[in-house]
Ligand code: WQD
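Shown next as structure tokens: one chain only, the form predicted alone.
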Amino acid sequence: MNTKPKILITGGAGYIGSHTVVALLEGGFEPVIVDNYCNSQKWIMDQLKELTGQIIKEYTVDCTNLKELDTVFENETFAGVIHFAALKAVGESVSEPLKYYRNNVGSLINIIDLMSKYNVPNLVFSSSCTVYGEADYLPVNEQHPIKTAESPYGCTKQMCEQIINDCIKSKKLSRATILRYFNPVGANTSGLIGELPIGTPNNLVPFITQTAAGIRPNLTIFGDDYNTVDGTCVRDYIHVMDLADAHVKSLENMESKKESFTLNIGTGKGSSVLETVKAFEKVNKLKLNYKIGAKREGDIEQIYAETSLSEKTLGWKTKYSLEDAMRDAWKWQQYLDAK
């Protein structure tokens, strides 16, 4: 008889979701994926099978469809939900705000409704350091004020956090851990799964790897006159496998402590865009063709996490360096090129 706790993982075929599926299996859980594949690819399921040696149960369902999602909850008995499924392109959210509110907020409401209906106790929610905006102080801790969001995307994350907290107070939701991610990068060390942007990437590292692979003629670094170590923006880049591990630890922590938490998930160290490019060049022994462009509207100068609360609460610490992430991202890009 299978006694492994089943965890519903929405958006489980996506970038962070797929890595968390692997971490859940390694942690003794049974992941069940729900994904509508609007930002992911079906063939990632084959990659997960090759990587883990297991067939992972999957439902092709949109989380905004309450009726179809209800069928998933009816068919399975979940010990928890990790909710990744969300649209995340900041620029698109500005031009298509209703799409973002309908998807990101609507899907969470459906998840909480069904968790309440089927008595599912533990929710891990994928939030973002965008809730802090331009930081008043660094490193940013969990007590930092929540600023007015710069975009509808950021606003949906703030709204979702509020909904979760209200539902905990009203006992509609037993408990939740809100994880405020900083900047996930890298790929599984096997090179079999990684970040898979559809169309033009929204993040730095796929631009780096696609430039190195010759898919793009050059990389543009937006601005070099910020008040930072080398004039380029500073971010807290966390290896996706460390991030995935934090989700597993969050489930275990809630189950043992029966409490709710809001935690920063980062490395606690800021790295500039230029430092990240140099780390890629160094570890992969390559030269990147990059140029300096104009600053982008809405880019904040620098942000990185204060991580002592998440480390203490979860008994978790990052294991991988920025260079590890750059090595693994390149391994994944080479796999894609050969595929």
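All residue numbers refer to positions in the sequence shown, first residue = 1. The model shown is predicted, which means the values in this text are computed figures rather than measured ones.
The form predicted together with this ligand exists for this protein as well; it is not shown, and the discussion that follows is about that form.
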Problem set entry | The unique member of 158, 93, 228, 183 whose heavy atoms fall within 4.5 Å of this ligand in the model of the complex | 183
Exercise. Heavy atom within 4.5 Å of this ligand in the model of the complex: which of 187, 233, 112, 81?
Worked result: 233
Exercise. So which of 253-261, 128-136, 141-149, 114-122 is the stretch with heavy atoms within 4.5 Å of this ligand in the model of the complex?
Worked result: 128-136
Exercise. Using 4.5 Å between non-hydrogen atoms, is residue 73 touching this ligand in the model of the complex?
Worked result: no
Exercise. If you check in the model of the complex, is residue 273 within 4.5 Å of this ligand, heavy atoms only?
Worked result: yes
Exercise. Hey, in the model of the complex, does residue 296 get a heavy atom within 4.5 angstroms of this ligand?
Worked result: yes
Problem set entry | Any non-hydrogen atom of residue 162 within 4.5 angstroms of this ligand in the model of the complex | no
Exercise. So which residues in 206-236, when you check this ligand in the model of the complex, have a heavy atom no farther than 4.5 Å from it?
Worked result: 207, 219, 220, 221, 222, 233, 235
